[in-house]
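Below you'll find only one chain, the form predicted alone, shown as structure tokens.
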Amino acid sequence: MSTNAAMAETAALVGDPARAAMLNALMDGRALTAGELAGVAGITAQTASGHLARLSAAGLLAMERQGRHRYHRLASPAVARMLEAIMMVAGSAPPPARPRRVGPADAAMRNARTCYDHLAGRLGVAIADAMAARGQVELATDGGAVTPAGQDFLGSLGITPDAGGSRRAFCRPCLDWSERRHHLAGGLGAAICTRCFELGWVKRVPASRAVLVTRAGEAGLRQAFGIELE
């Protein structure tokens, strides 16, 4: 398939409202069953199975079996980046004549959420800003690097920098669709996100990509990064 045809096919797959809802539900990095994704999209399980088969065939989703269940997840971080970029562009469109009211869920998503396997929103951007200001990371539009000071800092958090065994970029900036500034992605972003969950600093909001900062998280983030969220 030519590049133009492949791009058009991918755009058509993502552009369907039901498939878009299912893809968005998987943006927190977890794997969900067809039934769970059908509920998110508001369609029948049979219809969802057809959509999932097309998304898997196009390389957008990966499926794994565990016992009698089949779980679907985004196929790669590249798919998550594509979806996040689409959200950013869609969010830049001129507002409709009757602006949509922003509810609590939207406010929570802007404050802190997961973007595939790393933290985004105000929390993700604040962490990136803090580490850059302290000279712990060096970020450019096309990549980033962890400094020796950053390696020491990560060690104090219980995070071991990638020794090079993974082909995935360890430190990479990702443009945040709601803040329009960079948060940390790549292996570093994933490691910080995982550690925040392990320490109980953040917890998931059911049926959402939003995460809540806990009381322990408020203290931990203040001490580790010097940041406070409203």
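These numbers were taken from a predicted model, which means no experiment stands behind them. Counting begins at 1, following the sequence as shown.
Only in words, not in the display: the form predicted together with another copy of the chain, which the text now covers.
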Task: Heavy atom contact within 4.5 Å of another copy of the chain in the model of the complex, the stretch among 59-67, 46-54, 31-39, 185-193 - done: 59-67
Open item on the list: Quick check on I227: any heavy atom within 4.5 Å of another copy of the chain in the model of the complex?
Closed with: no
TODO: Look up in the model of the complex whether V89 has a non-hydrogen atom within 4.5 angstroms of another copy of the chain, and give yes or no.
DONE: yes
Open item on the list: Can you work out whether E218 and another copy of the chain are in contact in the model of the complex, taking contact to mean some heavy atom pair no more than 4.5 Å apart?
Closed with: no
Task: in the model of the complex, A12 touching another copy of the chain (heavy atom, 4.5 Å) - done: yes
TODO: Would you kindly say which of A85, A149, A130, I159 lies with a heavy atom within 4.5 Å of another copy of the chain in the model of the complex?
DONE: A85
- [ ] With another copy of the chain left out of view, choose which of V79, L123, C115, V137 has a non-hydrogen atom within 4.5 angstroms of it in the model of the complex.
- [x] V79
Task: Within 4.5 Å of another copy of the chain in the model of the complex: residues from 3-23 (heavy atom criterion) - done: T3, N4, A6, M7, A8, T10, A11, A12, V14, G15, D16, P17, A20, A21
Open item on the list: Taking the cut-off of 3 Å or more as given, in which direction does the distance between the C-alpha atoms of L83 and I192 change in the model of the complex, closer or farther?
Closed with: farther
Open item on the list: Distance change of 3 Å or more between the C-alpha atoms of R122 and L61 in the model of the complex: closer or farther compared with this structure?
Closed with: closer
